[in-house]
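Next up: a single chain in structure tokens, the form predicted on its own.
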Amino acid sequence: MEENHVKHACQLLLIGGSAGSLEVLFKLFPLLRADLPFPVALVLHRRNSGDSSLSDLLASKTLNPTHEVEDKEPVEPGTIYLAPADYHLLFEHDRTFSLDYSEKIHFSRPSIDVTFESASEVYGAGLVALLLSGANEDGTAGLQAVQREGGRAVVQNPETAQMPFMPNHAITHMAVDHVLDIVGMANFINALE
């Protein structure tokens, strides 16, 4: 399986996380190269009211342009996108974003599973998905969908996670491609083409 993955360039990197994931991103973002050749989309569990300053805070940690997704916005390489609070983040086949207000999954909207599954249908083997710290099982079904379509499934090393349940759940329900700490994540992402 690993050899097949090497043949496909990364067309989209998804990062999903819940409790404890912001601390990871604050440490990870400064380590990322400034010229990422692919788009990055973040799906983070947060309060319904959301905090519009979160994207500004994340943007302060990276040289890559970072902002909250707008409905029907095209997905552009080199940009880091944040899913808005209280909407599921979907991908259309014309490679634009779509926001959805359907029911919560695992008590969450945005749902990591929903976004990972949607992106796997559009990006297939060109998709890389990373699951971070969290306290529920959201993300495992999405990672499984990513792998079914030939993409790569990566999880944070649970030993380094503030809330290890989420990465542990994925590891115990599937054979993930990589288990990484923060420096390992940075090296992995910076090596993607």
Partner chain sequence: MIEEEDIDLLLNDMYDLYGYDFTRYSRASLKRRIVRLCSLDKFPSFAELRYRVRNDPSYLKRFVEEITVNVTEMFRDPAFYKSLREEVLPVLGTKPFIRIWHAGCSTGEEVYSMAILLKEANLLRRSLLYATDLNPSVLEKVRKGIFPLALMKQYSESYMASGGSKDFSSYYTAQYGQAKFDNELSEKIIISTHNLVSDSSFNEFDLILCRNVLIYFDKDLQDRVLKLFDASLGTLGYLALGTKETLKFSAVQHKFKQLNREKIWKKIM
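Numbering follows the first chain given and starts at 1. Note that the coordinates shown come from a computational prediction; the quantities given were computed from them, not determined experimentally.
The form predicted together with its partner chain is left out here; the points below concern that form.
Heavy atoms within 4.5 Å of its partner chain in the predicted complex are found in exactly one of 150 to 158, 34 to 42, 123 to 131, 64 to 72, that being 64 to 72. Put simply, E76 is far from its partner chain in the predicted complex: not one heavy atom of it is within 4.5 Å.
Contact check for F107: every heavy atom lies farther than 4.5 Å from its partner chain in the predicted complex. In the predicted complex, L90 approaches its partner chain with a heavy atom inside 4.5 Å. Contacts to its partner chain in the predicted complex (heavy atom within 4.5 Å) from stretch 78 to 116: P84, D86, Y87, H88, L90, F91, E92, H93, S98, L99, D100, Y101, S102, E103, I105, R109, V114.
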